[in-house]
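Have a look below at one chain only, the form predicted on its own, in structure tokens format.
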């Protein structure tokens, strides 16, 4: 009998429904060592899918295995899996170190000191570990939550929207940490609704829309589909009118407008080019660029476009 070769995470014909609502519909994929991104608009079923993979919810149909074992009601497997939920559930009066120590206790680690020190060092939070969490920036909180999720040195990491709410610098720092972890042979599955967040770190992208797997492949394959349609990017700078004047002159820009909050909205079919050109343009003109992000509504229409194709 021939044994089928499965991935580290194997999702086979999985569905999840709540009454008449179908959250995940016959999804199949495999995840192997490195960083894989689960991409899709809000409400696509990403969080439900991650909860199923983490064993926090039961499949209505199909099956999921991680490291060759079923994920539901399997405490021994949980010792090899780290899960970081999207929403924070930490006490602000805890110091960062106390949060990681608490997580270490839940995983039954003893003694705690060495494991806690290692996790905090990995995320680069040694200097701030004894400060209370309510004094942290969003990026610092995310990194310390990551330390809590990896304190038991898991082989598999499941991260739900870990970059949500972070600024560009914090995103870079967080991505560097995850890339180091992946280079050590770990399997990392990270969800996001923003393509540019996963562009530089994910070797493979799984695109979910309306509970279904719409596409999978490397960034270039997904980008090629997205680049067929124009989409909007919001730019926040300290001199919007001067920046807008410079952007208008670009051949790859379809239109430039201003939002009510003063931010610039750029419509382009050459997203990859725009993402590299605008930061350089701002620097050359002495303009401070503080944010550059796709607009969710536009992204959702693009995801729907891919499904229709």
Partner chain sequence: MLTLLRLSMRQLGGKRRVALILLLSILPIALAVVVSIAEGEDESFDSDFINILLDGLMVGGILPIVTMAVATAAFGNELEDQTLSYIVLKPIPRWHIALPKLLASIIIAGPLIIASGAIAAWIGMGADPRISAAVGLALFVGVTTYSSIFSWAGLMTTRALAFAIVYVFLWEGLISSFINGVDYLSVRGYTLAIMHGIDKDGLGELSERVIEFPAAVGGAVAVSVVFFYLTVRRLRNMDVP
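Being a predicted model, the structure only gives us computed values, none of them experimental. Rigid core (definition): largest C-alpha set, two forms, superposition within 1.5 Å. Residue numbers count along the first chain shown, from 1.
Just so you know, the form predicted in complex with its partner chain exists too; it's not on screen, but the next bit is about it.
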item: Output flag, 97, 174 and 203 jointly within 4.5 Å of its partner chain in the predicted bound form, heavy atom basis; value: no
item: Non-hydrogen atom contact residue 72 with its partner chain in the predicted bound form at 4.5 angstroms; value: yes
item: Residue 103: touches its partner chain in the predicted bound form, heavy atom cutoff 4.5 angstroms; value: yes
item: Distance check, residue 58 to its partner chain in the predicted bound form, heavy atom within 4.5 Å; value: yes
item: 4.5 Å heavy atom contact, residue 83 and its partner chain in the predicted bound form; value: yes
item: Which of 86-94, 162-170, 178-186, 232-240 lines the interface with its partner chain in the predicted bound form (heavy atom within 4.5 Å); value: 86-94
item: In the predicted bound form, the residue from 216, 79, 155, 210 that sits within 4.5 Å of its partner chain by heavy atoms; value: 79
item: In the predicted bound form, the one of 253, 27, 54, 282 near its partner chain [non-hydrogen atom within 4.5 angstroms]; value: 54
item: Contacts with its partner chain in the predicted bound form, stretch 17-43 (heavy atom within 4.5 Å); value: 18
item: Exceeds or equals 2 Å, Cα of residue 204 between this form and the one not shown, core fit; value: no
item: Core-aligned CA displacement of residue 186 at least 2 Å between this form and the one not shown; value: no
item: Residue 94 C-alpha moves between this form and the one not shown by 2 Å or more, core aligned; value: yes
